[in-house]
Structure formats: C-alpha cells, structure tokens
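Shown next as structure tokens: one chain only, the form predicted on its own.
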C-alpha cells in the first residue's frame, strides 16, 4: 500500500500557470534594484491572481485573463496602462486569446479606448462569429458588449513619452545621415508584451497575449500578439504558447503554432520543441524574443534568445518562481 502522502499526491488536482512580461535587453546592469523588486512583485501578483482562479476550479481561460489584467493595469509593462506610444503619440493596443479545448480564438488590434484588451479579445471569441476585430469596429463592439472604455490618455505614462522622444530623435539622426531606420534592442525597443498560459483542473489549456506593440510604430502596424499561430496558440493535444519579441519575425515564422506542430508531427516534448523553434528557426531568421509554453501535463518551457525575459510560473500548491535575467 502506498503511504497516505503518496495517495494524496496522486489524487491532488494538477494545474498551473506561467506568464511573461516581455523580453529584451535586460541585465542587472540596466535595471536598478528598486526596478527589479517592482517587476518581481508585479509578476508574482499576476501569478497569484491566476492561481486563485485555478484553485477555485475556474477555467484556464479565466485564469490567464485574471493574470494578464494585473499586468495590463501596471505601468511596468507594455500592455494597457503603460503601453508604448505610436509615432503620433497615442497608444494602440492588441491582444488575443485561444482556448485549447475548442481551439476557438478571439483577437483585437489597434484599439485605443478599451481598458482591458484581453477581455475584449475573449468577447470577440465568445460573442461574435469572428476571430479578429480591429480599430473603430472593435471599439464599437466593446461598447456593445458593455466593456469598460477609457480615454486614450489613461494609458499614457511619462516614461513611455520620453522613450518615444528618444526613438524619434535617433530616427531623425539616422535620416540626416542617409540611413534607413532600423529597430534595435535598445531600452526604448524592449519587448514588454505580456502573456499567460494555463492548465486548469479539467485538463484544458489556454493562452493569451496583450501588448502596446512597438515604440514609434506607424501606419496601423500590427505585430504578432493578436495573430493566432504567431503570438498565441493553444491546443489540448499539444501545448499552449504566448510569445514576446520582434513581432514581424514571429509572424513570418508562425512561431507559436510551429512549437505545437513540432510536438504533434515529430513526437518531441515541449522543451525540445520550444528550444528548437526559438534557438533554431527564429534565431536563424534573425528574430529576437521568447515564449512561455505549457503542455497538457503541466510542464513549462520558457526559452528566449535575448539577454532577459520577465517570466514566472506557479504550480498547484502555489509555489512561485519569478525570473528576469538569464539564470
């Protein structure tokens, strides 16, 4: 007979959550101790919020929304309040969500007045026949659904305004020198997209991602975050994935889906598949960033090819791990 502790361990519900808050040029040299403490606290708050939903037998989808909304409400991340500015000094937000049990998905792009883009993405999935809505149409739908809307300056922060000014100054200097503008991994282009993946007590996976995009973006630019298969993907048969990084490369590489496809068609495990895509295919293309991924057994992989990525995970017992740098 197994010891009682072993029996209890076998019978205990299995669930978990992982989150990211963006990848980029992160190192102890360019983040103060005070900033590091603030980021770690915010990541843990998000993890605890999602865990509370899962522990109460809530769905994986509800858990990732709870976690992401904490980060959307924080000025620390490039999502919701504190998102980066466009070239016109406004904020435009993108988000997506996918349910691994049904493979239903919802996404929004270029919204300016919706307080919680991840909540709107779920509404698109649940209450419309569509997968993606953008701009004024998405905002009209949000109003129809009774979701909270705010003036665009709700999202503005002085930190992001200064970042825009620095990027635009560099742009002017490059143009004066006859150079084409190139995106860099300087502080102003750090990838602060937020995301979450979760497994609930019913064995269902879900993934979600929310972002303000890239500093100084223009022409209605949309990155990978609201694109199913690029920045977000979930399928109970393989895994749930949320990405952060230089979105153009994640779109061209269909990175989130590529990890799931590698698991499905090669038989490789989660870690091997995620590493192969991020450190292999994405890196070979010249793309930078990372992902968080979770499989149907609750295993977690969080590979990235930048110097750091805000990330964390929490298990069924409430044990939290939070990391920023390449440990």
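Residue numbers count along the first chain shown, from 1. Since this is a predicted model, take the numbers as computed values, not measurements.
Omitted from view is the form predicted in complex with aspartic acid (ASP), to which the following refers.
Among the candidates 109, 106, 192, 80, the residue which, in the predicted complex, approaches aspartic acid (ASP) to within 4.5 Å (heavy atoms):
The residue from 109, 106, 192, 80 that makes the contact is 192.
Candidate stretches 160 to 168, 134 to 142, 211 to 219, 232 to 240 - the one whose heavy atoms come within 4.5 Å of aspartic acid (ASP) in the predicted complex:
Residues of 211 to 219 come within 4.5 Å of the partner.
Whether residue 100 contacts aspartic acid (ASP) in the predicted complex should be assessed with a 4.5 Å heavy atom distance threshold; does it?
No, residue 100 sits far enough from aspartic acid (ASP) in the predicted complex that none of its heavy atoms falls within 4.5 Å.
Would residue 115 count as touching aspartic acid (ASP) in the predicted complex under a 4.5 Å heavy atom rule?
Outside the cut-off, so no.
Might residue 156 be said to contact aspartic acid (ASP) in the predicted complex, defining contact as any heavy atom within 4.5 Å?
Residue 156: no contact with aspartic acid (ASP) in the predicted complex.
According to a 4.5 angstroms non-hydrogen atom cut-off, is residue 225 in contact with aspartic acid (ASP) in the predicted complex?
Because a heavy atom of residue 225 falls inside 4.5 Å of aspartic acid (ASP) in the predicted complex, the answer is yes.
Does any residue in 131 to 161 get within 4.5 Å of aspartic acid (ASP) in the predicted complex, counting heavy atoms only, and if so which ones?
Residues within 4.5 Å: none.
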